[in-house]
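Quick setup: one chain, the form predicted on its own, written in structure tokens, and binding and motion questions come after.
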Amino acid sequence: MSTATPVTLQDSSRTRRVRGGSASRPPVGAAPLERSRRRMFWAFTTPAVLIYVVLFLVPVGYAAWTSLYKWDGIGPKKWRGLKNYQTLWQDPIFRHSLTNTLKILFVGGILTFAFAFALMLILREMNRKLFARSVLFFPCLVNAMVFGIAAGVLFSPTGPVNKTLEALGWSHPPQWLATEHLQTMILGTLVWTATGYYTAILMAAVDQIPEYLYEAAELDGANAFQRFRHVTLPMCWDVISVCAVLWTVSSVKIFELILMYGGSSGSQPPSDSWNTAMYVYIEAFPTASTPQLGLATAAALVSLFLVVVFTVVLRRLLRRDPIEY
């Protein structure tokens, strides 16, 4: 009695491949399915692309066109070509603003992620980490105007901070809100408020790491830092990459902290504390001169160019093969 198994389509195509025959054709039903998927792709993607073009590319194009003119926002435009960009390059205030922007980006970023990694290392090992995480995240919920008002009260020459320092024997406490200290105060507040935000994101990624990986590392004798180095860091690398991009985009747009720390009674902050976002605001809405919207949009485009360059470089540097577990 014959016991041969029936030959199926799959077995037949596999046999042809083994014997060196031509590659099997896709199933007949795959072509309509593929065409249906392509139609669904464009049906769902086209509205998003149109919204992106209308709300982002068109305004950027209009800003690039405006940056080639001298314009106060009301009168006729006067063609200047690339002279607005030449003015920016020759303006020492803009160069100093650009330096402050890079200082916030790099120094603030290094400090923020150093504290976030340290807190992640501590929170991973402690009890009641959800409560601690909520406390750390709380400063992100507070408006920057509150920090400006609180700083004016706490760090004034006769405020509680200086009174405490004098009681401890410090005869000449620093003038915290003086012009030479504004950049440090802004940077410190920014790091303080951003650390909890990025710690919360990183801890959400840490919570997804299987516990047995940490247990295996402990059995191998790894201490807390080694577990962070060889388990936590590789497993959270994609989230760290996204956080780095988020920081790059958000740090260039810092505006309200500088305005609240440096401005008072309607006056503008001292130029030593400006970044490029504040430079754009002052040129577009000056308090005692004619608005220069062409110069302001040119400065805004320089900021956009910086964000794009740093984001692309970061994505290239932080690209790693995904780890599956």
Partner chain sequence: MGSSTGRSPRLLAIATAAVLAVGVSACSSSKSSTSSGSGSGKSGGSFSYWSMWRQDEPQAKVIQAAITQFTADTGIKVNVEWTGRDVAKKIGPAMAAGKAPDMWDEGADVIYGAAAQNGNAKDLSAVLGMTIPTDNEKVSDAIPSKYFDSLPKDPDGGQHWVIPYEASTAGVFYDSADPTVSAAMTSQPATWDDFIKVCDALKAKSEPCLASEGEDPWTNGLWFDYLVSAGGVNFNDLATDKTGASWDNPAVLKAAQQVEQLVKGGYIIPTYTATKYPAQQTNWAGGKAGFLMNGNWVTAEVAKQIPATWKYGFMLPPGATQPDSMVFGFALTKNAKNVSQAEQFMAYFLQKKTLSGISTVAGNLTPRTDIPAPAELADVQKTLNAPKLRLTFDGVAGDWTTKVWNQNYLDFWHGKIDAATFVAKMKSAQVSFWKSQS
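This is a predicted model, so every value here is computed, not measured. Positions refer to the first chain, counted from 1.
One more form of this protein, predicted together with its partner chain, exists but is not displayed; see below.
- The listed set L111, A222, L102, L177 contains one residue whose heavy atoms approach its partner chain in the predicted bound form to within 4.5 Å, identified as L177.
- Using a 4.5 angstroms threshold between heavy atoms, T184 stays clear of its partner chain in the predicted bound form.
- A residue is said to contact a partner when one of its heavy atoms sits within 4.5 Å of a partner heavy atom; G73 meets this definition for its partner chain in the predicted bound form.
- Looking at I93, you'd find a heavy atom of it within 4.5 angstroms of its partner chain in the predicted bound form.
- Within this chain, Y69 is remote from the site of its partner chain in the predicted bound form, having no heavy atom within 4.5 Å.
- Heavy atoms closer than or equal to 4.5 Å to its partner chain in the predicted bound form belong, across 191 to 223, to no residue whatsoever.
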